[in-house]
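Read the single chain below, which is given as structure tokens and is the form predicted alone.
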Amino acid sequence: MIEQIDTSLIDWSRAQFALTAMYHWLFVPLTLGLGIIMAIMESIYVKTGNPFWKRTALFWIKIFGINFAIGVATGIILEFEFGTNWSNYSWFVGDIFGAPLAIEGIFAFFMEATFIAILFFGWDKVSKRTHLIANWLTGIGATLSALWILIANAWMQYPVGMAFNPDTVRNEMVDFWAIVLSPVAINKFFHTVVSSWIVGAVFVVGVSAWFLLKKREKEFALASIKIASIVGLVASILTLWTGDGSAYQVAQKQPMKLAAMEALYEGGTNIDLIAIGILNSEKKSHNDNIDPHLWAIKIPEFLSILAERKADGYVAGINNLIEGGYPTEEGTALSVEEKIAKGKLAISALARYRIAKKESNQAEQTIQRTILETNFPYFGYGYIKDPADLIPNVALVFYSFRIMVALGVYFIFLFAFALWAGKKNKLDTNRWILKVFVASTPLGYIASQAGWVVAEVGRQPWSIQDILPTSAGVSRLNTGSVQLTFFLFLILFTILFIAEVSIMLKEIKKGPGVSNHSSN
């Protein structure tokens, strides 16, 4: 059985995992973004034979390599933490969650490792086309690695394709393709990958603008801005589209997350979407009758359209989700108290089933297994002590969502403007434009991190939606040990981050220079 553990241990374990994940995600989106850009540049080189494009591709491949190496290091630590800090979670769902991670490991350490070796050391040893294929396959390998990680994460948000085995107290995979082709997984994959292209595009535009400000490498910088802006604009539009799909999935599968994204406490039909707003810090409880918003600019009925694809669609607020009683496709929604009761019944039935098994009481086993299977969809609620624990950090989710969306819209205008300015030959003559491009470089990272805050903080307190809260998934460790490793990781990751930034800045200052490779 999975038992409740000290809350300070849970908080520190969550903090350590969040620290590792957020540092890791500083490197992954740039890897995915640069991967597509540098492959396009080398494709132009192979097609035209112009050594300029080889020199351009070489520069960005070098930056890609620096970033890739640090990303691998943090990613390995992140996967280890499932075993060290979340062993109950790993035991409970390892049969399911482990499969995507194992496949990801094959792609990461075999496919990527093979082709990245050709990418960096094969310029003078293989043909142009072979090297180009290695370039594309390196990026594809990184994307496929992300695919399996995102499938695993999507399963945590929407667990499907599984059955609970009371004999082993583990969830077991029964439908691999249901997990892989889950609508949540598909939307999450495309939304995350194309938004990562934005990070790479903004980075390339910012670095290239710096060269123009320094009056260096004009041809290289203008060409890089053009390619990156095309990729970025396409990616920004696709991100807007996939984001809509992701929001719809959240509305259908994780309504509490959607309610937190909008700070919506009282739902209904024809619900407006808050475009811009400020929350009321005086609101301390979901049922204190204080208006959650100080002010807000709203888009009429758009949240209902977003969530239900119709203006009069019903959207549940936080209070509705806790109190229940609103209409759903299955009937009337249960209250949290009713779900908690069913969860406790499932946990109790599991315990009684195991006792009956030890006593070889087949009839009692059948009875308790039926009770368990009937109530298992609410299993995790049996560990919830207070209905208010099901409400995530509303302010953090609300503001993170708006930062992500606002920056997404900003990037559309940024890339469109960069293409227009490049066509009008205004890029290298307007320093304020270039300064805006340089200043925009970190915004891609901010938007990407904000997206993950919405996704992960918004689903709290669940490590697996409705099935396992974080309080029941953590390892039985000494809190002091987790605190110590938290600060050790903080120091280590900060050093790695500073080292990566220093090395990249050094290479950027050198510039593309002259290729030392022959035109094989």
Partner chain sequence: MDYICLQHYWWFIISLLAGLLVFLLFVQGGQSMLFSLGRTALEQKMLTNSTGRKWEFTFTTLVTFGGAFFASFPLFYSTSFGGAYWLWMMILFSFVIQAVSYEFQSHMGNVLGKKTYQVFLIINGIAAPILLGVAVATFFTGSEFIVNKDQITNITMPVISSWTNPLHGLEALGNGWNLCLGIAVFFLSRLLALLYFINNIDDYILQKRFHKALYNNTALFLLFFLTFIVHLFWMDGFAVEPQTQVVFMQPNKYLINLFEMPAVAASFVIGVLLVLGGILTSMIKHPFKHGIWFTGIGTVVTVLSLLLLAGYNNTAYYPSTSDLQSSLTLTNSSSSLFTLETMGYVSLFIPFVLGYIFYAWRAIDLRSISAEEMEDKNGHNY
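Positions refer to the first chain, counted from 1. None of these values were measured; they are calculated from a predicted model.
Same protein, other form: the form predicted in complex with the partner chain, not shown, and the subject of what follows.
Residue heavy atoms within 4.5 Å of the partner chain in the predicted bound form occur in exactly one stretch of 308-316, 82-90, 391-399, 216-224, and that stretch is 82-90. Heavy atoms of R170 reach within 4.5 Å of the partner chain in the predicted bound form, making it an interface residue.
Although the partner is absent here, G65 lies within 4.5 Å of the partner chain in the predicted bound form, judged by heavy atoms. Taking the partner from the other structure, the partner chain in the predicted bound form has a heavy atom within 4.5 Å of a heavy atom of F110.
Though the partner is left out of this view, K506 does reach within 4.5 Å of the partner chain in the predicted bound form, counting heavy atoms only. This chain is drawn without the partner chain; in the predicted bound form, the residue among V28, A455, I70, I40 with a heavy atom within 4.5 Å of it is I70. A heavy atom within 4.5 Å of the partner chain in the predicted bound form is found for one listed residue only; from I433, I106, I140, A416, this is I106.
At a distance of at most 4.5 angstroms from the partner chain in the predicted bound form, all three residues K125, Y383 and E500 contribute at least one non-hydrogen atom. Contacts of stretch 117-156 with the partner chain in the predicted bound form, defined by any heavy atom lying within 4.5 Å, are made by A117, I118, F120, F121, G122, D124, K125, V126, T130, listed in sequence order.
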